[in-house]
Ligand SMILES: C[S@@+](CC[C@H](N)C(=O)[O-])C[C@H]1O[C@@H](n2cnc3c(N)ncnc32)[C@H](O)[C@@H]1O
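In the form predicted on its own, a lone chain appears below as structure tokens.
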């Protein structure tokens, strides 16, 4: 039981909680800055029941493994790599939000609005869906940081599957809004989500 109060556990769990706190609070702050407080709901914190379940599962995995297999949590290089991956994912996602400005929302737009423009500059020159790409990297990185083998694999599969279903739906509307301009853009820029074109 002393493993739960070890330096390793303190460091890894502190980094995890700080990563979650920063991710969600910065998402909310940027949403308010881009769209105004009156247009933002608590859903802009991006915390759903499925998300809470996944994070609680990863915490449970961590606690079980640190008690039963404390050596599994000791590889500092692996844990530090996870922290670096979390930061990379965060930078990619926040670059997407800042670059897109008002065009970035947490909900897929099914009607074209006046301010909705096709963004093809900044990070969007290299990745079509950098917000999704950044979130996948961030979420998997949180589990690598905790040295959670089961959750690392589960997060990678579940988050990838979510975006693999979401991207075609979103792109249907983007083709409706922007026509050949979007088709040409999509042909030259990868989605940013592996195996999703």
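Residue numbers count along the first chain shown, from 1. As the structure is a prediction and not an experimental result, all values here were calculated from the model.
Quick note: we don't show the form predicted together with the ligand, though the next part is all about it.
Note on the partner interface in the predicted complex: the residue among 98, 108, 78, 88 having a heavy atom within 4.5 angstroms of the ligand is 108.
Using a 4.5 angstroms limit between non-hydrogen atoms, residue 83 is distant from the ligand in the predicted complex. Contact check for residue 23: no non-hydrogen atom falls within 4.5 Å of the ligand in the predicted complex. Although the partner is absent here, residue 116 is a contact residue: one of its heavy atoms lies within 4.5 angstroms of the ligand in the predicted complex. Put simply, residue 72 is far from the ligand in the predicted complex: not one heavy atom of it is within 4.5 Å. Here the chain stands by itself, but in the predicted complex one stretch of 49 to 57, 143 to 151, 165 to 173, 63 to 71, 165 to 173, has heavy atoms within 4.5 Å of the ligand. For the three marked residues, 104, 130 and 185, a heavy atom of each sits within 4.5 Å of the ligand in the predicted complex.
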